[in-house]
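Coming up is one lone chain in structure tokens, specifically the form predicted alone.
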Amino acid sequence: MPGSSDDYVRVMPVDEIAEAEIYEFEVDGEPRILTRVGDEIFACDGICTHEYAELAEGEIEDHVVYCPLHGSGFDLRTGAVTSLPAVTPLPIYDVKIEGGQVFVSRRPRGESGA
């Protein structure tokens, strides 16, 4: 059932997430990152789609995460590429807050379970 607790993993307390800071975490061995922009919290893949680089080492500006290697930008709301050299969108994960904790979906937005 979509939205069940098995579809989400607890990441950290919501009040520990600072504006434009990047927090690394893993889901099933896959690197992800979490960040806050204003009142919104976003989660996405932790590796750039252009070339292997850890986005946790990048920077957040407005709603864009920039890769530390070549400067590719990705919109945190949609995963869309905002600056080259990347051309493949970044997988984005749904975020929910329950009991003061941040939970992130196991599967990317738009990908249904088997």
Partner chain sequence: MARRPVSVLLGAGVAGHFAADALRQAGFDGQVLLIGAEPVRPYDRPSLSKGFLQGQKEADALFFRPEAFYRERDIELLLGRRAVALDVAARRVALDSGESVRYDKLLIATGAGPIRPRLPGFDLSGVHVLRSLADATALREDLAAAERVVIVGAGFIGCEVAASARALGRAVTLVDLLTAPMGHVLGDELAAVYAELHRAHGVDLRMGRRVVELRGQGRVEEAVLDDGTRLVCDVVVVGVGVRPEAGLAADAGLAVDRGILVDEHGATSALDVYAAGDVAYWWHPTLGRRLMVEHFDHAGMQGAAVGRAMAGQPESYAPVPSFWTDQYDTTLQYYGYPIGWDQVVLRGEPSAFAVSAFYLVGGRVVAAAMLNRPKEHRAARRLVAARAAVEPAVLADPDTDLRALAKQLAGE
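Keep in mind it's a predicted model, so treat the numbers as computed, not measured. Residue numbers count along the first chain shown, from 1.
The discussion below concerns the form predicted in complex with its partner chain, not included here.
Participant: Is its partner chain close enough to 51, 68 and 85 in the predicted complex that each of the three has a heavy atom within 4.5 Å of it?
Facilitator: Every listed residue reaches its partner chain in the predicted complex, so yes.
Participant: Should residue 26 be counted as a contact of its partner chain in the predicted complex, where contact means heavy atoms within 4.5 Å?
Facilitator: Heavy-atom contact with its partner chain at 4.5 Å: absent for residue 26.
Participant: Is residue 57 one of the residues lying within 4.5 Å of its partner chain in the predicted complex, judged by heavy atom distances?
Facilitator: Judged by the heavy-atom cut-off of 4.5 Å, residue 57 is in contact with its partner chain in the predicted complex.
Participant: With heavy atoms only and a cut-off of 4.5 Å, decide whether residue 61 touches its partner chain in the predicted complex.
Facilitator: Result yes; residue 61 sits at the interface with its partner chain in the predicted complex.
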